[in-house]
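So this first bit is one chain, no partners, the form predicted on its own, shown in structure tokens.
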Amino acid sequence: MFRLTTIRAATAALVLIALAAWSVHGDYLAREITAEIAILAILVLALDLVAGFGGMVSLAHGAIMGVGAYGYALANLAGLPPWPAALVGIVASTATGGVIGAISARLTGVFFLMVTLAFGQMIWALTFRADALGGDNGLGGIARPALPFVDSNDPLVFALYALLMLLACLLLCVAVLRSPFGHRFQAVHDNPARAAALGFAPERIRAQGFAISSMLAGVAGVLAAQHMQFVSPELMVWTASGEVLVVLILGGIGSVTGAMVGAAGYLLLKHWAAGWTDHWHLAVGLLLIAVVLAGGRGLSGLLERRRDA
């Protein structure tokens, strides 16, 4: 069962404080990267919920995030204010994930992985070919939400707003995992036969967990649309979901806080390496190999192991 240990809570607090301080004292690029880290961390957190605690490794989360982004964009461009439009985007992602989860919940392992990949590709193809959604050109002119006393178009304000959303999603994820539903969800993963014998409905619980995870992915999608003020089918390409899985492995599966550590480490390394070579993937790949060979628990696992040593 999940436990929010002292080292995990301290790691999450340290990452948030460091990113906030970097945004306040850094330049425009620092604030943009901070917003990117927060958005990616929320999406990785969503995947960690189903992969790390439900055993459902998904390659559809990039597409589900894209549904949230497009839901927000379409509602906003239709005249709905940003906050109600954000609710539309989150509901759209939750509903999409609920359908995918309900259909895929009886599958496990590579079969579940391939079905989610197929759903993601279908969503991408429909979006890519839909003229009403802008097709390959995407949709622009998307508004950011109005925040009290500050201007959300200010890069610093938006970076801090994104970090607050990340904190809220982290707390929500912890609350879900520590709730009775979270205990049932993890029990189904640990021993589905015993969970069924206790009267649980494994397929329904797995589908509900996938829907909750999709809701978090929808939050990431809404934030991405607000950040870029533009959406395109590139959000839904299956490689985007693969990138999220790589970041999750890098940060640490099943730790929750690994999503933040992995997203920060991945994007900072990516931007640093891209400054001196076009082959920045090599640096990321070498780090991933090193982390896996060191025990496979990700960067957050290494931190916990050093503390316990």
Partner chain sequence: MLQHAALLLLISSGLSVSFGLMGFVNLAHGALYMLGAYIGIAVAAKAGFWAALLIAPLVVGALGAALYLGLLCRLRGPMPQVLASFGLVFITVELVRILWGDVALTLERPAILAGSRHVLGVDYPAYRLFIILLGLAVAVGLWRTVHRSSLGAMLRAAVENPAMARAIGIRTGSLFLATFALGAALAGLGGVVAAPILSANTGMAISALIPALIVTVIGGMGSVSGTILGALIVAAIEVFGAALWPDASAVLIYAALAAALIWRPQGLLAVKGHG
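Numbering follows the first chain given and starts at 1. Owing to the predicted nature of the structure, the values given are computational and were not obtained by experimental measurement.
Keep in mind the form predicted together with its partner chain is missing from the figure; the text below concerns it.
Among W238, F181, F200, F230, the residue placing a heavy atom within 4.5 Å of its partner chain in the model of the complex is W238. For the options A118, V157, A95, L167, the one in contact with its partner chain in the model of the complex, meaning a heavy atom within 4.5 Å, is A118.
For D278, a non-hydrogen atom is located within 4.5 Å of its partner chain in the model of the complex, even though that partner is not displayed. When its partner chain is considered in the model of the complex, L288 lines it closely, a heavy atom lying within 4.5 Å. In the model of the complex, its partner chain sits within 4.5 Å of a heavy atom belonging to V57. Contact annotation: G26 falls outside 4.5 Å of its partner chain in the model of the complex, judged by heavy atom distances. With the partner omitted here, the stretch from 106 to 114, 208 to 216, 84 to 92, 140 to 148 that lies within 4.5 Å of its partner chain by heavy atoms in the model of the complex is 106 to 114. In sequence order, L126, R129 are the residues of 126 to 140 having a heavy atom within 4.5 Å of its partner chain in the model of the complex; the partner itself is omitted from this view.
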